[in-house]
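So this first bit is one chain, no partners, the form predicted alone, shown in C-alpha cells.
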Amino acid sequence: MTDTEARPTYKYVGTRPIRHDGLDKVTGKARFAADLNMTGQLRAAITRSPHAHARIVSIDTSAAEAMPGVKAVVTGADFPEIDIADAIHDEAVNNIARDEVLYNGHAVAAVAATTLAQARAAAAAVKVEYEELPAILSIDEAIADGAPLANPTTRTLFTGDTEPSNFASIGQFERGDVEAGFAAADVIVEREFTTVPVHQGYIEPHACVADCGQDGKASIWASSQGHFAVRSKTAAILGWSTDRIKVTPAEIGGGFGGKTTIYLEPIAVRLSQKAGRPVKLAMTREEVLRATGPAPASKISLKIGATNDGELTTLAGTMYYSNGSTKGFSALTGAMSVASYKFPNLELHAIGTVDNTPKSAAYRAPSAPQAAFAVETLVDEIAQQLGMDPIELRLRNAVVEGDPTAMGMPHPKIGFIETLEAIKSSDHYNSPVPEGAGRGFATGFWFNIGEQSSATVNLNEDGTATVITGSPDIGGSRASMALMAAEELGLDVHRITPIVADTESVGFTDITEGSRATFATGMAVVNACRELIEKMKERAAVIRGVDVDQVAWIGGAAVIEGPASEGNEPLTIADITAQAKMTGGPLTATASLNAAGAGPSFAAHLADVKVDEETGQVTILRYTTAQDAGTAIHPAYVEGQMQGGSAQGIGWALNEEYIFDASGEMENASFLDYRMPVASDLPMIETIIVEVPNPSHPYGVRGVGETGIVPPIPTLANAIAAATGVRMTDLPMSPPNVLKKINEK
C-alpha cells in the first residue's frame, strides 16, 4: 500500500476483518435467487426468436396451453403498450417483443408449468409466424448509406430528431483549436481501433421468483444490482404503481454492470398473476449470452499530436459505439472517459449506433476500456517515436486538480500523478524485462458517481448494532458499511451486523453501480451513526444527571467532562442500550442523501508478456496494478477489485468475443466456446493501493470497482508491440489475430 499523504489513524477503517457474509458463502448456505423454492411454485421457460430481425405475423399459444402441466402462457399482448418516448419503452420491448423481434434470442412468449421440463416443452410448442427483415449486424452496416432500419422505434438521443434512424446518439466535445494544435505538433500518430461485444461473465445466471397475490400485489425475489430499480422498472412495464411490488434482494453471483437492468421479472409476475401460483424463472447460460446485455462493440478513429519535448498538443477523432438493438449513450460515456491528459486542443465526435444484436449493457466502467485502448496505444506510440520513457511522457501531461476533462468539467482533487509514480517506483518497473519479452504500460480513468442512498442503524439491547442498507453487496459493501459504522461508534466490527433489506424495510436506494455503494451508501451509514452518537450522549446525560454539553463521545463510550466527571465512569454502548427503555426508548437513526462529490479514480498497469511468433499465443509473465482508492476501507476487498478488474480486462483483451454468423445467431453461446480466462491463464496480479483521500467523503472514499478494467487492453497491446514490433488495433488479441499481424509484418 502506498500512503500518499498524512491521514488520521483509524482503529477499524483500513483493517481486514473476515467478511460478514463469508461463512454462508463458503459453506453454500447463502441463498441466491434460483435457490428459492416456494409451496406450489411453478417453473417457467421462454420462447425466443430464431431470427435477428423479423416482423411477428402471429403467435399461436393454443398447443402450448393444452400441454401437460401448463398453467399460464404470456406474450407481448399481455403487457401494456408503451409510448416510444417513455423512458421504459426500450426495456419493456427488450423484455418481451411486441411487433418485431430485434435480435436472435429476443423473448416472444413465456410459459409456466408444474415442472421445468414441461415448461420448456410447451415453450418450444408456441407457434410463431415471422416475416424476416433485413438484419444489421455491425457498426459499418448500421451507418452505411441506405441501410435498412434495425429498429423503427429508435429516435436519436441528444439531437431532437423525431424520425427513426440507426443512430442511437450523437454528441460532440471540443475545446481549443484542433488545426492549430496539429500544426504545432512535431509528431502525429493516427490509427483506427475496433472492438467486438464481450460479456460481463457473471457466474450466476439471471433468476427470479415472483408471487402475485389475490390482492393484486406481487413479491419478487431477484438477483440484481438494485432491487429498487427492479421494483420501479417492473411496475412501469406492467403499468402498475410501485406500491404493488415488494422486492427482496437475493445474494448476487456477480453482476459487473450486467445486472443493473431487468430481463425476467415482469414476465414472471404476469405468469404468476395468470396462474395464481409462485413462478420461478431462471436463464440458462446460453440464454444469458444470447439475450442479455454485453459491452458494446466500438470503432474508434483517433489522432494525437505532440511536440518533440513530449507535450501532447491535440486529440481529435470519432468514436462509434454499438448499443445493440435499442438507443443508448454508450458513445457518450466513452468520450467522457477521455480525461487523463492535458490536451489543450480536443475534438471528439461520439456516435452511438443501433443494430440487430442484443441490447448492450454496462460492464465495469462502461465504454472506458474501448476508449483507453485507442488513447493509450497512441500515447505509447508517441513515447516510442520520441524515445521517451512511457511513464515520463504521461507524467508530463497528466491532469491534476482543476484541469478539464473531455466534457470541460474541472477535475476535483485526484491522485493520477501519485498512481503513475507508484508504478514508476515499483519493483516490477525497476526490474529488467525478461529475455524475449515485451513490457507494456497504460493507464485508465473512471469518474464514479454518487446518487441516492439510505441507511438505518439500530442499536440492540446488548450493545450490538445492525446496519441496514438498500445497496446489494456485489463487491464488499457489507464489510465496508460495518467498518465505517465501527469507526464512528467505536464498536468492534464483528458486533455489527450489516443487512441488505427489501424495498419495504429501508429507504430508497439507487442501483449498486458506478462504484457508488461504499461512497454514497457509506456516507448515509456515517450520518446515521453520528446521529445515534448524539442520541446516546443525550441518554448518557440523563443517566448521569448532567447537561448534555458535558458529555463527549470518546473511544466508543460516553465520557463526562469537566467538574461532573468525578465518580462518573464512561458509559459504553451496552451500558446505554441496557437502560434505553427507561431513558426514552429504542435507539435508532436513519439517514438518506443524494450524494455529491464522488471522487474520480485512476489506475496504472504494467505487464510483461511473451509472444509465441509461431502460434500467436500471448503469455503474461508478470502483471502489476496501482490504483487510487482514496482511502481503502477494507484493503483486501480493494485488492480483490483491482485484481478482478485486471483479470476481466485481460480476458477482454486476449480472448473474449461474441461471434455471430451471417444470420445474426451467436455461435459461441457457452462458457466452453466463449473463452473467459481461468486461473491457469493468469499470473499473480500484484497490487499497489494508492491513497489520495476524496475530500467529499468522511473517510476519503473513492469508488474502486470499475477503474481496474480500463487499462488492461492497452497495457497488453503495448506489451505485444514491445515484444513483436506489431501494433494490435483490433480485439481480441487472440492467437489467430496476433499471428496474422505478425505474418503481415
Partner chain sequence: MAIVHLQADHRRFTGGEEVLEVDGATIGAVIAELERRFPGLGPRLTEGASVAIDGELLPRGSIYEKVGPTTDIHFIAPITGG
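Since we're looking at a predicted model, the values are computed, not measured. Positions refer to the first chain, counted from 1.
Only in words, not in the display: the form predicted in complex with its partner chain, which the text now covers.
- Message: Taking a heavy atom within 4.5 Å as contact, would all three of G171, Q225 and M409 count as contacting its partner chain in the model of the complex?
- Response: Result yes, every residue of the spot touches its partner chain.
- Closest heavy atom of Y130 to its partner chain in the model of the complex, within 4.5 Å or not? Although its partner chain is absent here, Y130 would stay clear of it in the model of the complex, with no heavy atoms inside 4.5 Å.
- Message: At 4.5 Å between heavy atoms, is A596 in contact with its partner chain in the model of the complex?
- Response: Answer yes; at least one heavy atom of A596 falls within 4.5 Å of its partner chain in the model of the complex.
- Query: Would T469 sit within 4.5 Å of its partner chain in the model of the complex, counting heavy atoms only?
  - Reply: No, T469 is distant from the partner.
- Item | Contact test in the model of the complex: T512 vs its partner chain, heavy atoms, 4.5 Å | Yes, contact at 4.5 Å.
- Message: Can you tell me which of 226-234, 531-539, 331-339, 583-591 lies within 4.5 Å of its partner chain in the model of the complex, counting heavy atoms only?
- Response: Only one stretch qualifies here: 331-339.
- Of these, P80, P134, G160, G387, which has a heavy atom no more than 4.5 Å from its partner chain in the model of the complex? When its partner chain is considered in the model of the complex, the option within 4.5 Å is G160.
- Quick one: from R364, R270, R394, H106, grab the residue that has a heavy atom within 4.5 Å of its partner chain in the model of the complex. So the residue touching its partner chain in the model of the complex, by this definition, is R364.
- Message: Going through 428-463, which residues have a heavy atom within 4.5 Å of its partner chain in the model of the complex? Please give them in sequence order.
- Response: If the 4.5 Å heavy-atom criterion is applied to its partner chain in the model of the complex, 428-463 yields W446, F447, N448, I449, E451.
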